[in-house]
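What follows is a single chain, given as structure tokens, in the form predicted on its own.
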């Protein structure tokens, strides 16, 4: 199997169908995409880069992303897309980790990386790249063995050294197949890329590519309302991947406007926790049938559980509140269990680690057997998420194992506190982390972004009406915004860093 032939297969049946379009409307058809991918594959070999070697992508969103991906795969290479917000030295560290032979970069990143790296760097706006992608020479696509690597998905590295999850061609095909089976009409229209192509947006785009549908690529960071509205007008209807931060913006009636909202086919949300209160607002503003919730991680790309649109519209046998607070039901082709520390499956309703297995699960971490061994338990991928499965099969995430606060021997799950705070009408966003404490070991501290004025005393009273006293935050820090990654995930490590060096005063007041 070689996914580099995706565009070739579409071009054989609909060569003039639009494959990739920029936000200004400039378009490329599938015949052109297939030809450019073949030309790049030929040039990779001419540069002396051979099957199994790695090509790093230091790219903000750019029209060339998919032709590079397909060309590298046709040549039997493994791509390593990197977060465009990394510092040049951080990007070089990832390239050193995978031994990248070449770095393909967008112009705003190329110069910085060149200053810290001796690797061969190819700027996508250079004459060299234009010649490499516009040629007519081609080699047959490399025949790849079972288990051949395709994509190195690097973890964020916010809590330690980044690791590259090795996703094979078979993993990615399983991801595509599962998405087509589970997402409903999401893959009947164009895909509008508002999220970084190096992450879930680019991965999900492969399903649209396989179906012969257009990819509309917006520049990284162009998420203001006018830009999104203009991009939506390029096609009759478009689907898009959105992290919760963007979904909250899209749910604002003033952000899209009625005409643009009518062009939205499906919003596939995920990439970070989606709180029940925010989901309720999104359903009210956009309609349940426009929403589809996905839960996955780099090691099982985009494919662990989902909330189908139909369940968001009608919960059926599921409790409505439980459904909206969950990540839904297991994906097609995925087995899921909740296990204790010894790897024993836990019964319905008990919290433990979420573990999964299936064709979509990574082959392992690149060049890191120790981390790979720790990531699996009896053939099951250990996600590091703590969750429970209810009586109707819904998976609810309690928290990340590393985010759990252990206070006085009791487990406190920050997500439960965050969900409670978000029900307060004055609270826009909330994040809870553990703070070291001399007496209790750790205590929860809440960082809160307000939409209207409120005091710590008011939030304390509100929490005590909903959760046990020992779970309540011991301190409230009101901030203008929460630190987030380019994918919209709240960077709790940065919040902890403001607390780790201190202890709360008056520990004996904590009860």
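For clarity, every value in this text was computed on a predicted model and none was experimentally measured. Positions refer to the first chain, counted from 1.
Just so you know, the form predicted in complex with a small molecule exists too; it's not on screen, but the next bit is about it.
For residue 286, no non-hydrogen atom is located within 4.5 Å of the small molecule in the model of the complex, even though that partner is not displayed. Interface residue remark: residue 272 is counted as part of the site for the small molecule in the model of the complex, having a heavy atom within 4.5 Å. The shortest heavy atom separation between residue 206 and the small molecule in the model of the complex exceeds 4.5 Å. Contact between residue 294 and the small molecule in the model of the complex is found at the 4.5 Å heavy atom cutoff. Within 4.5 Å of the small molecule in the model of the complex, a heavy atom is found for all three of 298, 397 and 489. Screening 199, 163, 331, 266 for any heavy atom within 4.5 Å of the small molecule in the model of the complex leaves a single hit, 199. Checked against the small molecule in the model of the complex, the candidates 152, 282, 327, 72 yield a single residue with a heavy atom inside 4.5 Å, and that residue is 327. The stretch that touches the small molecule in the model of the complex, counting heavy atoms within 4.5 Å, is 382 to 390, out of 342 to 350, 111 to 119, 252 to 260, 382 to 390.
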